[in-house]
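Next up: just one chain, as structure tokens, the form predicted alone.
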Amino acid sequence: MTPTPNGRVALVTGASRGIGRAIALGLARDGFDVVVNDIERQREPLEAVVAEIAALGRRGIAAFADVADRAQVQAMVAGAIAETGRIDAVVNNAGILITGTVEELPEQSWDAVMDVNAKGTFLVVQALLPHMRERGYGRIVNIASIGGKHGAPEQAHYSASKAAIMGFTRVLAQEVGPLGITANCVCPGIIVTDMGRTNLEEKAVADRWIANTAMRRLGQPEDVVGPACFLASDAAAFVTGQSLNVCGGIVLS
């Protein structure tokens, strides 16, 4: 075990690109050492994120695991704690989107999206809770979506998975609050990432999203960084059970 000097440690899942990568770098800028996770086929971009974290003067560690697999998650969390000595914050960002109408959606597509998005969040949190309980401290930040609040055609399973994350987080916050642990959601809107482009394949669709956004623009991964890092910090010590919209004003609640 190599002690982390004068800083805290965060785990970010699905961190090889997009929102996860941006949050991992934001946490590093805030003084965290960061364990970044993704699946094995994302090795090259994930290792590039590790190098970017090192360039910011913090320690980055790559951890390869499928968050939908309990054994892989347990091994990842145990290895991260053994190597860093602590996990203070986790950002459950790993997620997938496979589009399809309710009538034509294959059962395996429903299962895949629910397994990664909803079950993956649960498995990572469950693996970390004994460690956070023992230390009497933890910041859990789950990346949901405004899709979990109002949805979009051909994304019923994605919307259901993100709504599940929000419901899970509300109950989790009640259970772990007495332990010194907070649990919150960030709900991004239309963010320009590889996955987010699913909503932007046609210019007319992108223009409609822009028109429906109070800020009159699409979001970038960096727009999610500040809210996520805030919820992972001590500045948010009295914030728990919340689902914060980061959408430029699509959902006004």
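When you see a residue number, it is the position in the sequence shown, counting from 1. Keep in mind the model is a prediction, meaning the values are calculated, not measured.
This next part talks about the form predicted together with a small molecule, which is not shown.
For the three marked residues, R17, G189 and D194, a heavy atom of each sits within 4.5 Å of the small molecule in the model of the complex. In the model of the complex, the small molecule lies within 4.5 Å of some heavy atom of V116. Though the partner is left out of this view, D30 does not reach within 4.5 Å of the small molecule in the model of the complex, counting heavy atoms only. Taking the partner from elsewhere, I143 is found to have a heavy atom lying within 4.5 Å of the small molecule in the model of the complex. Contact annotation: A94 falls within 4.5 Å of the small molecule in the model of the complex, judged by heavy atom distances. Stretch 143 to 151 is the answer when you ask which of 77 to 85, 143 to 151, 103 to 111, 128 to 136 has residues with heavy atoms within 4.5 Å of the small molecule in the model of the complex.
The partner is absent here, but in the model of the complex a heavy atom of V67, alone among V67, I53, C185, V35, sits within 4.5 Å of the small molecule.
Note on contacts: among I39, L218, V225, I61, the single residue with a heavy atom within 4.5 Å of the small molecule in the model of the complex is I39.
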